[in-house]
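Okay, so here's just one chain, in structure tokens, the form predicted alone.
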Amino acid sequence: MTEKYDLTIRNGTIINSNGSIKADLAINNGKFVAIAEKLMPGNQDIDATGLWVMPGGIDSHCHVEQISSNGVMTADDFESATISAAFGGNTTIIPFAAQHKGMSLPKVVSDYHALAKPKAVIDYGFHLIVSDPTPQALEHDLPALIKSGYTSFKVYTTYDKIKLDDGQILDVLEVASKEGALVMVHAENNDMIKWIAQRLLDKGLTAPKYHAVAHDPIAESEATNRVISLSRLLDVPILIVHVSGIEAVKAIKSAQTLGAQVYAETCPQYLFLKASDIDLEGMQGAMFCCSPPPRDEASQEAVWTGLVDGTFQVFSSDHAPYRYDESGKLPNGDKTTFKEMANGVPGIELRLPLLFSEGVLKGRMTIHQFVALTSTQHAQMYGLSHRKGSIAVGLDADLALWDPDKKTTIQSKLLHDKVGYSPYEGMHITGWPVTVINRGQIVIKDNTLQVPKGNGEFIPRLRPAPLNQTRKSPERAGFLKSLKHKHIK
């Protein structure tokens, strides 16, 4: 007797990071159960003729219902953020459970679960932001949380209220080494930025464009080189997030060439926005301010090259949604200085369509590289590949069915976040996900949300496996061995 499937997707082109086939897909109980040249229709059946069938996107860097270090709440909560993500072809997001000084990490995680569980429409996990590495956090809380599926955490080298010094970063890296976690780093030199900013303010130079002046590319490249050295000292993997500048790209590539366990991420704003976008009349440039800021054309090209040559392992949105009003970007209205603006730009819905249109369809990268950079390698880096990131029997049935010919003009009023503007307004792109499926459930179809809020599930993550090994000298091997045997502390 022929098995009856819950859902079939037939007549499409199935695309993974390692190849493509013309085949049908069958789904039962939220999992892929068959991939074959010809399958009978299931209880639900989708004719994917002319569509590209790809793994659902995984956005592993986004800020949702999070209070910034300056006390500003993001515009999106877990409902609007996950809806927006789903319309853009994503089936999993990994935002941050953000610790501020004095907060208990277990309490922070509990609070974020209470926010996400009743609202998320697609699956989610959490990174931890570690800003207060107390003995309790390092010796008890972090190890326990890693064992519970929170296998990555982020540290900052900038922002006075949450940054760590080098010794504290080494403490966090040591925990990651012992417990098998991945440390993400926001790498900018805090003192350089503060020094430049104060001199600009002293001269009355307060417009949004001076945000980019204060966040000089050298501040990024210095911190990038420094955290690479900290990582190499302990031979611990790190992932440097939202890389923007050509010198930072070169530093990462050089470290990787040496065999260091250094990984990197970049974002749409560093491919499609430029520093000149911030230099607009009045306060309009605030809509483009993020940290690090968009750079020049040479840096854009370096980032594109890094995406194609493997310098970058993941492409994320860094969705940091602040409205262009007193609640977000402009706390003091027209008198807001560049130092008072909330840093960040929206992009959770446009991450995949922008890269698909400008990367794949314009011949900068293959469709397989696109899948790797937007889904598969996120799953591998962050301990999700046992469930997500590929179309294979036994994995969660997470899919985005793309119409490669669908033309769109980006308009903020057509997006599903709560930001109210888009820095990509007016761009013409081609290709869009027309059907999105999460664990076998149709989430988006006919440009309509098909599931209620609370439909998403928290996905505990495994400890990520290292992707390559440092070539250690005998002296370095001996030093690391002594650390592991606690001969030095």
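Each residue number is its position in the shown sequence, starting from 1. Because the structure is predicted, anything quoted here is derived from the model rather than measured.
Below: the form predicted in complex with ligand DUC, not depicted.
The stretch from 294-302, 156-164, 139-147, 401-409 that comes within 4.5 Å of ligand DUC in the predicted bound form, counting heavy atoms only, is 156-164. Interface residue remark: Ser80 is not counted as part of the site for ligand DUC in the predicted bound form, having no heavy atom within 4.5 Å. Interface residue remark: Ala320 is counted as part of the site for ligand DUC in the predicted bound form, having a heavy atom within 4.5 Å.
When ligand DUC is considered in the predicted bound form, His378 lies well away from it, no heavy atom lying within 4.5 Å. Although the partner is absent from this view, Arg439 stays clear of ligand DUC in the predicted bound form, with no non-hydrogen atom inside 4.5 angstroms. Residue-level contacts in the predicted bound form: of Ser84, Asn343, Ser244, Gln99, one residue has a heavy atom within 4.5 Å of ligand DUC, and it is Asn343. Proximity to ligand DUC in the predicted bound form, defined as a heavy atom within 4.5 Å, holds among His127, Arg351, Lys388, His186 only for His186.
Contact residues in stretch 35-71 (any heavy atom within 4.5 Å of ligand DUC, taken in the predicted bound form) are His61, His63.
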